[in-house]
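Read the single chain below, which is given as structure tokens and is the form predicted alone.
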Amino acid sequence: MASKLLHRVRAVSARLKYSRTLSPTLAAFASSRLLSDVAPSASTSPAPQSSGSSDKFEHNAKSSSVRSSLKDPELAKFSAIADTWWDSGGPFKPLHLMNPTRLAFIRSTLCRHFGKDPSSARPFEGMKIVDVGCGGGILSEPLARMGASVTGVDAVDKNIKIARIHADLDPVTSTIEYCCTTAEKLVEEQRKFDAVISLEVIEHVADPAEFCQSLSALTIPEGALVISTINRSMRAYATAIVAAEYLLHWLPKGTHQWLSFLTPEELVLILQRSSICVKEMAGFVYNPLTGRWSLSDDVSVNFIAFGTKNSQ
């Protein structure tokens, strides 16, 4: 599978040779979505309605969270459901179900890159890893159990409080450094990590290119970056928004905005401009019969990418 995925990434990179003609800031690229399909018509899309309570949540999010690259409505949404992070049947149920598969990809790629033993119980011993957008810590905790020195950061204060409380229940995970801060703030503090991980976050930020620049700045030369998101495809619109939010109610309505998704080609290009070379990419496929996720060559909906920081 790894060789097939690497071939896919190289093919994507080859198709992006024209990218040198684009603006370095990717502003025009981001607004015109040159690599995208036409967005679904607003008249045919489910339209989540705002209410007075959402204004209250937005106010609370602003007052209890740090300035972030995330859009204010996104901060408000996640602040409103922060108490449910460790409820495996709640709003974050999809992430709980996907977590073993995400961790399998992370273990495989990081062990291969850093020469670690993937069969070891603690393969990340001696590694410094930051989980950007850690939420309640559902990824940070297993990373700590695999031996890593973990820093978990999130812009929502309620998320960090929940993460700390849960981590303190286990002496192993109580060593995680949780901070209510942002990747941009860590860059200002000149923090560096062997591996930077940010899963299901980039689709919620205001400026994906700037966000990736910050992730790259946190990564040591020849270090690793793992990032996951949702493809801006019609299939993703049908499954990740219409089905997951409006039919199956796996997620609160309005959790995702289709126009904020990135295609794999766009993500590769943005990372290239941030000195990150994508080495491997995989899709996540859900089996409704088993209720499990698995890695696949199909990146049409959920996908994850592994890249390395160029040596400086």
Partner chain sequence: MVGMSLACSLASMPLTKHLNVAIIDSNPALVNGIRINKQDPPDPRVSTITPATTSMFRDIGAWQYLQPYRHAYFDQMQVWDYTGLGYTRYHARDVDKDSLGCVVENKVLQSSLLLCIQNADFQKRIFPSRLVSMSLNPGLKSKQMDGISSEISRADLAKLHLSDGTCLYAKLVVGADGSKSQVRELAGFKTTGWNYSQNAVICTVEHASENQCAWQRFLPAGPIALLPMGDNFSNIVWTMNPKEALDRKSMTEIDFVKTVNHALDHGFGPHPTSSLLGKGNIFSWFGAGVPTSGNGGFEIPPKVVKLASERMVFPLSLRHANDYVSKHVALIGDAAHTVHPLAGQGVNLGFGDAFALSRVIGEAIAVGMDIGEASLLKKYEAERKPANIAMMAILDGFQKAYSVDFGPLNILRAAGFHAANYISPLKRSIISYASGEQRLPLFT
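Computed from a prediction, not measured in an experiment: that's the story for all the values here. Numbering follows the first chain given and starts at 1.
Omitted from view is the form predicted in complex with its partner chain, to which the following refers.
In the predicted complex, Thr239 stays away from its partner chain, with no heavy atom inside 4.5 Å. Its partner chain is not shown here, but in the predicted complex it comes within 4.5 Å of a heavy atom of Arg107. The shortest heavy atom separation between Ile165 and its partner chain in the predicted complex is within 4.5 Å. Although the partner is absent from this view, Gly89 stays clear of its partner chain in the predicted complex, with no non-hydrogen atom inside 4.5 angstroms. For the candidate set Thr181, Ser149, Asn99, Ser233, a heavy atom within 4.5 Å of its partner chain in the predicted complex is found for exactly one residue, namely Asn99.
Within 4.5 Å of its partner chain in the predicted complex, a heavy atom is found for all three of Ala121, Asp170 and Arg292.
Listed stretches are 181-189, 200-208, 218-226, 99-107; the contact stretch with its partner chain in the predicted complex is 99-107, by a heavy atom cutoff of 4.5 Å.
In this stretch, 241-270, not one residue has a heavy atom within 4.5 Å of its partner chain in the predicted complex; the partner itself is omitted from this view.
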